[in-house]
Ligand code: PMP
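Only one chain is given next, in structure tokens, and it is the form predicted on its own.
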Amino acid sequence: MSERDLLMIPGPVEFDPEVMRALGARTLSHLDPVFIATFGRALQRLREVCLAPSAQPFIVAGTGTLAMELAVANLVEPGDRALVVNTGHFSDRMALILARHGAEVTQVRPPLGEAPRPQEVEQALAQGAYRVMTVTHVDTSTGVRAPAEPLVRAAHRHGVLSVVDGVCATAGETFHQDAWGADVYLTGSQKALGVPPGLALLTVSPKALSAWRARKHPVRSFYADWAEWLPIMEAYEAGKPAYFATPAVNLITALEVSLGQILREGMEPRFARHRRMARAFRAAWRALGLRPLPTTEAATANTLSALYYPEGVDSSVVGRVRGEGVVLAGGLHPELKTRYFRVGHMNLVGPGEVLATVGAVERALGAAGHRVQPGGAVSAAQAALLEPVPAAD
């Protein structure tokens, strides 16, 4: 019997022991030469993980929501127009942050569970002089994956800054920041980057930095102002001490370890592994007769599954799954919160975690009265795992 349950929620996720050892190591001064070198490597590696060699990385103590505000506060001025491509709860949050910073917000909002159509977004971009467009790559509340590449390229064609929320996608879903022309890619530490919660991370293009430098008004947030953080990031990457606010020393040390592991795996193999694990999960869900919240395969994330409860089964099944040794998440989107549950599958997830989770869900559904073929879902997942690695989405 395991000493603890397997954590299969959409963040925090399971973390590598080497990462946890770095987190628990003796805390150094933030001006210690060893930590300065560690922070510098973390910045360099974040740029590599996001496939953004020209971008400026920022690593700041905070959450994914702070990362969202770090992007918005610096790129938007009162009266600017912003287009939000909305796929769920965290797109709603982005709209609120934009409005709080004075933007006039327009939204392209497909029906819940559907991915935005690039042509519809392109039409919206053509109709207004937008300063910024935001896209949630994978919305944690719905499991919907937006077609990031064509959306980012559309924004570029219209001279609009693109901000991509990668909190539930970075290092799990295919994304090429420089090649696609994304201006800001933002995330948090606790999901596919494989570090406990507490870090807000961004990679910012030269174009976005130029737009920020050309602002007419001061940034409204003191803590989120790039003017305070940019000299710190530049100094640490150059191997020099600097101070604005005390960095999260142990979290950054753990991040440097995790980013190194990610890069050793390789970004394309890592993206392919997440596709392969997601395909196995989807095969299992079909075998169990579970309906995903995303309406198409193309709109379905590789980093998590959002699944409606089958008829006659309610949210108590999440507790039953925990009784089988696996922790899942309930629903989050306010319109559907009691009707579905979520399974995270990112960072370290491999065949063992897939089969353990599928088996636990199968047993829990059977105990809840849902008709299942014993072993059928596990067999479906196993068959999918034995197939060739799927091509890029």
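All residue numbers refer to positions in the sequence shown, first residue = 1. Since the model is a prediction, treat every value here as computed from it, not as a measurement.
Another form exists, predicted in complex with the ligand; not displayed. Remarks below refer to it.
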TODO: Would you mind picking the one in Leu328, Met68, Ala42, Cys50 that has a heavy atom within 4.5 Å of the ligand in the model of the complex?
DONE: Met68
Task: Proximity to the ligand in the model of the complex, single hit among Tyr130, Phe90, Trp229, Phe175 (heavy atom within 4.5 Å) - done: Phe90
Task: the ligand in the model of the complex: contacting segment from 159-167, 234-242, 294-302, 267-275, heavy atom within 4.5 Å - done: 159-167
Task: Heavy atom of Thr253 within 4.5 Å of the ligand in the model of the complex - done: no
Open item on the list: I'd like to check something about Gln190: if you look in the model of the complex, is any of its heavy atoms closer than or equal to 4.5 Å to a heavy atom of the ligand?
Closed with: yes
Task: Interface membership of Gly344, the ligand in the model of the complex, 4.5 Å heavy atom rule - done: no
Task: Contact flag, Leu75 vs the ligand in the model of the complex, heavy atom cut 4.5 Å - done: no
- [ ] Could you run down 48-66 and flag each residue that has a heavy atom within 4.5 Å of the ligand in the model of the complex?
- [x] Thr63, Gly64, Thr65
